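Take a look at this single chain, the form predicted on its own, given in structure tokens.
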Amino acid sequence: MLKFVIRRVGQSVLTVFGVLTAAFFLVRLAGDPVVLLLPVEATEADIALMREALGLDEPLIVQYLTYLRNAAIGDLGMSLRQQSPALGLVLERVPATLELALTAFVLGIVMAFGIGITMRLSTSRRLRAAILWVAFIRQAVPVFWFGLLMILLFAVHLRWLPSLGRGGIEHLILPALTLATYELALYLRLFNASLGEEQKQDYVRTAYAKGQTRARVILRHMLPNALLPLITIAGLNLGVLLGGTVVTETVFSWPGVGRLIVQSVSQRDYPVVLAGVLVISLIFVVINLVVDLLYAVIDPRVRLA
């Protein structure tokens, strides 16, 4: 077990290092932030002075090594726009992102569980096919487009819910539903396939032979075994949700890390972009690591992989 933990932790560290390296070089493609920070009439001397003050006059490799050293101690510099610690600005937005992602995660699991059980308890193949097709059609619709449709219907026409911002639970419904329904097709397909595999097992035939009802066989015997793959994928998908809230936060003006990163990219605020990427990647890696370790505890065979 110890070797398994060390191997997974090492892989996590390498993943974070790779993400930080990619982010550092990719943000440079957005252009020179000095051009945005200085007025149009700025002279070459002004530009050179600003570039020196920001440390952008150093060779790229020197900037990269300095960035890695500072990231290791949690110092990601000051925001070029707000003149505040970049990491502090990102951490202020983390609760909003966690609130949205966790709500969508729980909502998606509950919906998949309820609909999946309904599909299995029903003897109608047409009903099961119709549910799956609706879920697949939803997954085929881009998140930003579905979010706009939700705003148009429930906020503009029906005026039931607010369309933008963060506040009470009514502000959370539309963005959470947008994310949760997008993941529903994946969960349903996995849950349905897992229950289908369990249905072929000998213990299921034995239970039916003893005269147990279909509902009892599914809920008491098949369900516990079928939940393990769903829980595993759902746990891994939670990290994806945390990183994938960027579009949803932008559409609904949700004040999370994703929206902050988008705004900072347009403003070429490199320190904030890099701090946001670091925080998101750390959360993603930690969640994946925890899921791996829990799965290894549940199924010892995983430790040999």
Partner chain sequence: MRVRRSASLYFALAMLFGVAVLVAVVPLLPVYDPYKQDLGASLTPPFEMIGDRLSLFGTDQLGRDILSRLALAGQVSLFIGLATVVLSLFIGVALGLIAGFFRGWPDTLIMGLADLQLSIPRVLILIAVAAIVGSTIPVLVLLLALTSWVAYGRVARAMAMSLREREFVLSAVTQGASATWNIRKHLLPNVMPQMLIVGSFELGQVIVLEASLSYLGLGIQPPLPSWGLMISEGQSYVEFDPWLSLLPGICIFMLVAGVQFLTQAFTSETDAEGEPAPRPTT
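By rigid core we mean the largest C-alpha set that fits within 1.5 Å across both forms. Please read all numbers here as calculations on a predicted model, not as lab measurements. Residue numbers count along the first chain shown, from 1.
Below: the form predicted together with the partner chain, not depicted.
Remark: all three candidate residues (V27, Q139 and S281) come within 4.5 Å of the partner chain in the predicted bound form, counting heavy atoms only. Heavy atoms of V265 reach within 4.5 Å of the partner chain in the predicted bound form, making it an interface residue. Proximity of V251 to the partner chain in the predicted bound form: non-hydrogen atoms within 4.5 Å are present. In the predicted bound form, the partner chain lies within 4.5 Å of some heavy atom of Q199. Using a 4.5 angstroms limit between non-hydrogen atoms, L152 touches the partner chain in the predicted bound form.
Note on the interface: of 107-115, 166-174, 93-101, 125-133, the segment with non-hydrogen atoms within 4.5 angstroms of the partner chain in the predicted bound form is 125-133.
Annotation for 154-172: interface residues with the partner chain in the predicted bound form are V156, R159 [heavy atom within 4.5 Å]. Fitting the two forms on the rigid core leaves the C-alpha of Y203 displaced by at least 2 angstroms between the shown form and the other one.
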